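Just one chain follows, in the form predicted on its own, and it is written as structure tokens.
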């Protein structure tokens, strides 16, 4: 590698001792516990395949045969990992989950509200509003609540955004809840966009069940989005899929999505096919053990050093949803932690105005960083 190349890549790091990534560069000097990126990188064999693709000039628009390979990998992931079998003809490539949401909002019933349980993934409302869709927030401070959701489904054709496993709380919905949700959608003529991006990151004791696998009716009323960006730390590849069982919706998608630029990239397709392979899943299983260890460490650190923080261990994801209301801070917890403890997190208010006392904390980092972050927060709160 030339000196110029070394210099180029060295300029990309906020600190030579820190990993690449936006979460470390966004608030330089702070512990990066905000944006949902992992400090553990991705599998070596995936990086080798991506490097080989670059060497072979596979930087074109996405070829059909490679798109088909990635679609087959997506279908196989759902069959072997989540128990849902469907044909690859239902699968459509898309750069990321939010791109899939954009198109879904174009093909779902128009002029109907979008119902978003909150706390929510912070970009969701903005995407909906950019599509001139009315957003109805349904605050669920105690976990997913079907009764609260039912009260919001007053307009036939309403769209529900379901994030399962949930970001930011890490909740995983069980079969009974999903079945009742499917029945509710049928009764109120509602449709669902289901973000399952965290489905590969579920801890022992919980099981991810795809919403569309609940019943034929649930499948016909939903579009499911999945990506390897969280499990294998590949968000920069812009690699995702939408699964569309409904023939009419899928046909409408195809009429809108005619241009290759909206269908992902060759590197993204290689990342998908590699991540969802047997080798990629074995690597993921080892990674989940590391995340689980960090999850338990965070629980112990919070119990010992921040006993007033309200927190439930996530059933999935590497994200913790922590309530600092009992500390009665004069500013938001995210601002307090950044300014007083040097810890960058996601403000709870970005996930719904009712959650201003919360933070989202990313524990996909070293145990030392977790300990430093909680110790710093505890010290700041006692000053």
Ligand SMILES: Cc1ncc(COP(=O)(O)O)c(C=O)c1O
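Not measured: the values here are computed from a predicted model. Positions refer to the first chain, counted from 1.
The protein also exists as the form predicted together with the ligand; that form is not presented, and the subsequent description refers to it.
Contact with the ligand in the predicted bound form, defined as a heavy atom within 4.5 Å, is made by all three of 96, 167 and 197.
With the partner omitted here, the residue from 294, 158, 265, 229 that has a non-hydrogen atom within 4.5 angstroms of the ligand in the predicted bound form is 229. When you look in the predicted bound form, the only residue of 322, 46, 36, 334 with a non-hydrogen atom within 4.5 Å of the ligand is 36.
The ligand is not drawn, but in the predicted bound form it has no heavy atom within 4.5 Å of residue 275. The closest non-hydrogen atom of residue 163 lies within 4.5 Å of the ligand in the predicted bound form. With a 4.5 Å cutoff on heavy atoms, residue 191 does not count as touching the ligand in the predicted bound form; it lies far away. Put simply, residue 121 is close to the ligand in the predicted bound form: some heavy atom of it is within 4.5 Å. Comment: 221 to 229 is the region of 183 to 191, 221 to 229, 307 to 315, 137 to 145 lying near the ligand in the predicted bound form, near meaning a non-hydrogen atom within 4.5 Å.
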